[in-house]
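Just the one chain here, the form predicted on its own, laid out as structure tokens.
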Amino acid sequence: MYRHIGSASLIVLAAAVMGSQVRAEELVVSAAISLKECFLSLGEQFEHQYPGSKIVFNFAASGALASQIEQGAPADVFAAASYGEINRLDSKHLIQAGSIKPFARNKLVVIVPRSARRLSSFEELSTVEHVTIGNPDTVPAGRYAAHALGRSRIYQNLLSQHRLVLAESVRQALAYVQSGNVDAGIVYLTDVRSSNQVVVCFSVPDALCEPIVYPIAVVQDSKHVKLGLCFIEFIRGATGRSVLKKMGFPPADK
């Protein structure tokens, strides 16, 4: 039976429908802080390719983001700077089965303030007064750096002599070096692109550091699984790989 809807009721109904559509297409992406500029650019392009979708980003250290998800914070997609955080969530059934995919790689470098003397090796790095890395407990870049320093047999000396300054994110470590509050730091090569106040002295040798691979996955409690999977495929597709490479992230093997 046909039922007439008054104009006022029609407006209210239309507003309600439109509001639900907007909410249904809003995707919350929690991503490692080192991905910020890259993902902001890709987010705009994704929204253009998927009209009506809206990407809301939450950038922080990967460990902090994983803890937020564990505590029930809203997130649809998680892009981490290492497999450690995503695997931890996966072991607790907080990741959609089969959704974990690699999408980018990175490299660690040793940096100093632009006005400081250049360093050429880890042996020289061990002689400076203060070195900053991300906190290994929550920052993948810090964990990689600690491992490399350990293999070089200088980590414990820096730690015991209180010469190691732990930052809460790789961007904070970069800021410490930029400000001259420390003499040197170990950060991702991609982070240095945003600063003209530091100098790269050398790359951390591959023999001292395990491969740095960024994974991405859909969070188990996501209400927008299909859109989340679309975002992952977009990041791993031709557009995503092109932008990642342009911003210093070699794409990871599919």
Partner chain sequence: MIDPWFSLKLSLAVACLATAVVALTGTALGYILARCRFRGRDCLDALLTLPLVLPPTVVGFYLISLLGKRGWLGHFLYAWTGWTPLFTWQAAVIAAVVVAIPLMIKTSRAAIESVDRSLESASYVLGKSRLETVFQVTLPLAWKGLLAGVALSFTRALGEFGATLMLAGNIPGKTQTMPLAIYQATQSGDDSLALGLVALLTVTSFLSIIFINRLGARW
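Numbering follows the first chain given and starts at 1. On a predicted model such as this, the values are computed, not experimentally measured, just so you know.
One more form of this protein exists, namely the form predicted in complex with its partner chain; it is left out here, but the text below deals with it.
Only one of 150, 180, 74, 84 lies close to its partner chain in the predicted complex, with a heavy atom inside 4.5 Å, and it is 180. This chain is drawn without its partner chain; in the predicted complex, the residue among 154, 95, 108, 164 with a heavy atom within 4.5 Å of it is 164. Of the stretches 155-163, 97-105, 118-126, 75-83, only 155-163 has residues with a heavy atom within 4.5 Å of its partner chain in the predicted complex.
Residue contact with its partner chain in the predicted complex: residue 194 places no heavy atom within 4.5 Å of it.
Using a 4.5 Å cutoff between non-hydrogen atoms, residue 64 counts as a contact of its partner chain in the predicted complex. Its partner chain is not shown here, but in the predicted complex it comes within 4.5 Å of a heavy atom of residue 168.
Looking at 127-145, the residues that come within 4.5 Å of its partner chain in the predicted complex, counting any heavy atom, are 130, 135, 136, 137, 138.
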